[in-house]
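You are given structure tokens for the same protein chain in two forms, set apart as structure 1 and structure 2.
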Structure 1
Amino acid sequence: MGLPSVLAGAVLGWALGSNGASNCFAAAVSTRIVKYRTAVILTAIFVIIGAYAEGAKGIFKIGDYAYSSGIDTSTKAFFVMLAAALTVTLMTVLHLPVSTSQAVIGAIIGGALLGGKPDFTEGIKFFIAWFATPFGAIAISFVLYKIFEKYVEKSISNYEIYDRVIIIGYYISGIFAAYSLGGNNVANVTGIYVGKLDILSVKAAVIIGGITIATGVLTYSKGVMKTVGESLVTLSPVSGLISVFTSAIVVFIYAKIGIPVSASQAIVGAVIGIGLVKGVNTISFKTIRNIVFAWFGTPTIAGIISLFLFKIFVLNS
């Protein structure tokens, strides 16, 4: 069951790539600064590089967390990942906000409720990180925007330099976002198979995880990229750039800590932070509802699906 179990993770990786990774170049593609083809190729490459260079820490953390919660066989790991993948797919189909990180933790807890021992103490760390993601992004984008306004604006007052800075900035922040996302989110895809469960080595986990995310980006990210981009193009070019860059910073920090978080929620936080500088209310009821739903709804749904799968397939086997 070892390698077939990894298939469930690969499906989740593909869903993550087609959904979450679209944030990296969404604004740049929607404003036609970067071609879609270039965007997906760059995202795919840097997701793999990021996963390889930064993914180990998160992979260990998720692996340990799952194992200590009782996900100690390849069959259990398979159903946890299947539950997470089904949650992400279902919510994407229903156009509901979804975070892969939150789906994976929810699925681990759900499975552990029946097939193991849910580790809520350790789980608290993940919950805190989720809450802190948009708030951290608010703070970072607020500071970045202030710095930009005070020190950078004057030096890019030339029309051509302004345009060049924005174009290069979108490439750099998109690449950075893809790198951070790979480093941070690869743990969601293959973390559960590493460590004491030992289905995959760390090296194999980061490579397989990175490749599956990249496959999702390359094959099925156009729709989400368009939707995310449309919400960001209403911002000025500088605001759009700072939003993506902030999200990349936040996700990168959590990659270093080793906790997978949602890049989409980081972007939402960044936009709110810019709104605070400009004195504009960018917080709508829908935005708050989406984030709160992702915090509580996603892990709950994933947990319930996982619980059912464990009841049907694991406990009865």
Structure 2
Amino acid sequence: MGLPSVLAGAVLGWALGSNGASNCFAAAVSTRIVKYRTAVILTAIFVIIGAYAEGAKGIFKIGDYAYSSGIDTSTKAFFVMLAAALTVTLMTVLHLPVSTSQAVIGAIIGGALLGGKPDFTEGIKFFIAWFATPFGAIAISFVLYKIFEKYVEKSISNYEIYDRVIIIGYYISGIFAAYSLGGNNVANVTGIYVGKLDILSVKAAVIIGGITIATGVLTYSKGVMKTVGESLVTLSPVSGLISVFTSAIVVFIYAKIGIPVSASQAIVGAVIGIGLVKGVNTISFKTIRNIVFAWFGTPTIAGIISLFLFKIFVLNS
């Protein structure tokens, strides 16, 4: 199948952009500091830049993991990515922010089960990162919000200057988040095609992945952005700013490590951390329940879809 198999990755990239764009400017849009149109354009641009500059490490980790789990042909890679893309698209239609990384790993494991080669030992590092991401974000946002309250807010008495600091902070944080999103998550889109499978070069993988994510950002990101920005917690301008900046920090750290994680989990964890500072009554537990269900359901659904696709199209071919 060769290069045509990359089409499934392109679909996943679109779904990732549609779903993951919420993590960059959702708070800024919901507090009406940044217009939606401006937010998606900036996100698309810096997703591509981040993918090109930071994406190589994660690309190799996903590619090596897939190959060691028996995804060793372009046909198998196509159905793995198709299963992940269908899963993330479903969650996006339902306006639930989810982990594309979980969808990809779940799909790899689902397909590998039929061949008897799921690499659970190597997969542990991905599983640990999934759980560490939201809890790390909760802790960081809690501390940052406390520091901001104590030192920054009290030191700026002029409201005009204060508002300007917040607005500039939103733009910087959103751009940083988009850059981190591209750098960390491009591996989910095209990493499976790099390395021993050798369908794409690293340069081609980061460019194709970045462009497809940006396309999703520009075309279908509004629903999930609204869920994250408005439904989780009653966001003030300051709390929204801290949540985005925290998410960007967490995702950027994992981009440097080379493990793709969920920007959605990071932003949700950050918003919850701020909610704990402001009081638990500000947190929408119904929305959190739905998102937690999506977190656990994503790899499971992707794995089941992948297993069935492999059984129908790969084993019977």
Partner chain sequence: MLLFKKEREMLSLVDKHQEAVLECYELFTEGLKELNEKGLNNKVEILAKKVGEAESKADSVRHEIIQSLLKGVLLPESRRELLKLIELTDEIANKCEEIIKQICLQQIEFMEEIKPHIREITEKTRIQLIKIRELVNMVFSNMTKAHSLQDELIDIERLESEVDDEEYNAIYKLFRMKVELARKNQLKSIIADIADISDIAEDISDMLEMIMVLRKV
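Take the two forms, superpose them, and find the largest set of C-alpha atoms that agree within 1.5 Å; that set is the rigid core. Just so you know, these numbers come straight off a predicted model, no measurement behind them. The first residue in the sequence of structure 1 is number 1, and each one after it adds one.
One chain, two forms displayed separately, with the form predicted alone being the second of them, structure 2.
Once both forms are fitted on their core, the CA shift for residue 42 between structures 1 and 2 remains under 2 Å. Taking the rigid core as fixed, one finds a CA shift for residue 56 smaller than 2 Å between structures 1 and 2. After superposition on the rigid core, the Cα atom of residue 91 is displaced by 2 Å or more between structures 1 and 2.
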